[in-house]
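A single chain, nothing else alongside it, follows as structure tokens in the form predicted alone.
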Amino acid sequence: MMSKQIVVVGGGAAGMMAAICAAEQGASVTLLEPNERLGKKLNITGKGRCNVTNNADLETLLANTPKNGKFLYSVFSRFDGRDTMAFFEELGVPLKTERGNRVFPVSDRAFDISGALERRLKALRVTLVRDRAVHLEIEEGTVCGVLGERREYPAQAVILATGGVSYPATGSTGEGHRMAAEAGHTVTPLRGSLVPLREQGNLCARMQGLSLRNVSLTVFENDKKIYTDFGEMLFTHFGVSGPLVLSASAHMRRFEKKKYRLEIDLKPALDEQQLDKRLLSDFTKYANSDFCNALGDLLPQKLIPVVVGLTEIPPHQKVHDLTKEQRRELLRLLKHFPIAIAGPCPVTDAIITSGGVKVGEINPATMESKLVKGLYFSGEVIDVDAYTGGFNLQIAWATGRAAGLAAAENET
């Protein structure tokens, strides 16, 4: 009996997982990828360490997927973070769990993850073709092949795993969304998530290159506190970036209707009383200095002129002349340093894409299109996205697996 011919479009995390699962069911799988390397984006995740997944159960995965999480209930209940860990450990990659249940290879090398997937593809005799898909061939509502730039690939099932439109240099150029739309699917508006933020004003530009560690960041949506976290961030010429900011951006989804601002607690380890004591001690030490020269023990150099300006205390006022009210104003600013946000950076600067093929047009158990028989979707091409911490890669693994298994099993 001839084995079922399946074409997987896209050799990223979701595509490689889909190809492996389909081939394990005995299907004859062709994987189309225009890049010279598979998993190009996978290899740069987690600063090159690859945050493979989150050591989490179904409830935790759903709670960390704000965009259409319910759609993933079926695939996550069959393949959660712990299943992903078992999958990679079986492929010979030892893993470790860090803060926030983030999972990384013990080696801290993303290439160990992509390498293990490549070896498995080879062992299963998946045909890897360096070609870019340009068109889905559909006859009478059923997919029958893929047209590439180099040639045609006949298929009884096609899995679209082309990624989003973030990081276009890795090959995520939105081609999958275009092909899905041509096949009759609705593609919801595409924008960046886990993205740096542009400030309103020029405070950040004055501190460009300054990295803050161990600070607390709070997001306000129209003056309502919606998110707070602790960690590391960076000031840039356009605004703010770094792990804290990227995580925060996933909660800021309504720029067209809402106003957002950030507040940084520069000294989260000290409550107001303790910080006031610290200020009094510094002010005693620098009693005869100008105010602008008395903050060197407390703040990084680049931050001092900005903080001084925001307090409206004359920079050259002597420290021994500062009033209690002026000290209170400085204290308030250290605990609530404000940044007005103009909006997110372009989607090309984002780690992931929010938006994609409408979930109502996809079967949540099999990832098969409800509009075109034999067409499946996996990964970022679908309108689902999650917070940082390995959750977006978990979406890729779980949807890739579901699509691969269903494509190989379903009779055309």
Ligand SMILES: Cc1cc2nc3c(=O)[nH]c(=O)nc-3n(C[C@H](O)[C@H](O)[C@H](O)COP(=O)(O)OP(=O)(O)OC[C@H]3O[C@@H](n4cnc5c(N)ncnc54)[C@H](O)[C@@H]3O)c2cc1C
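All figures in this text were calculated on a predicted structure; none of them were measured in a lab. Numbers for residues come from their place in the sequence shown, where the first is 1.
Here the subject shifts to the form predicted together with the ligand, a form of this protein not shown in this document.
No residue of the trio 83, 113 and 405 has any heavy atom within 4.5 Å of the ligand in the model of the complex. Contact annotation for residue 383: none of its heavy atoms lies within 4.5 Å of the ligand in the model of the complex. Shown alone here, residue 179 lies within 4.5 Å of the ligand in the model of the complex, counting heavy atoms only. Taking the partner from the other structure, the ligand in the model of the complex has no heavy atom within 4.5 Å of any heavy atom of residue 28. Although the partner is absent here, residue 13 sits close enough that one of its heavy atoms falls within 4.5 Å of the ligand in the model of the complex. Of the candidates 304, 294, 183, 133, 133 is the one whose heavy atoms come within 4.5 Å of the ligand in the model of the complex; the others do not. Of the candidates 352, 375, 61, 362, 352 is the one whose heavy atoms come within 4.5 Å of the ligand in the model of the complex; the others do not. In sequence order, 161, 162, 163 are the residues of 139-165 having a heavy atom within 4.5 Å of the ligand in the model of the complex; the partner itself is omitted from this view.
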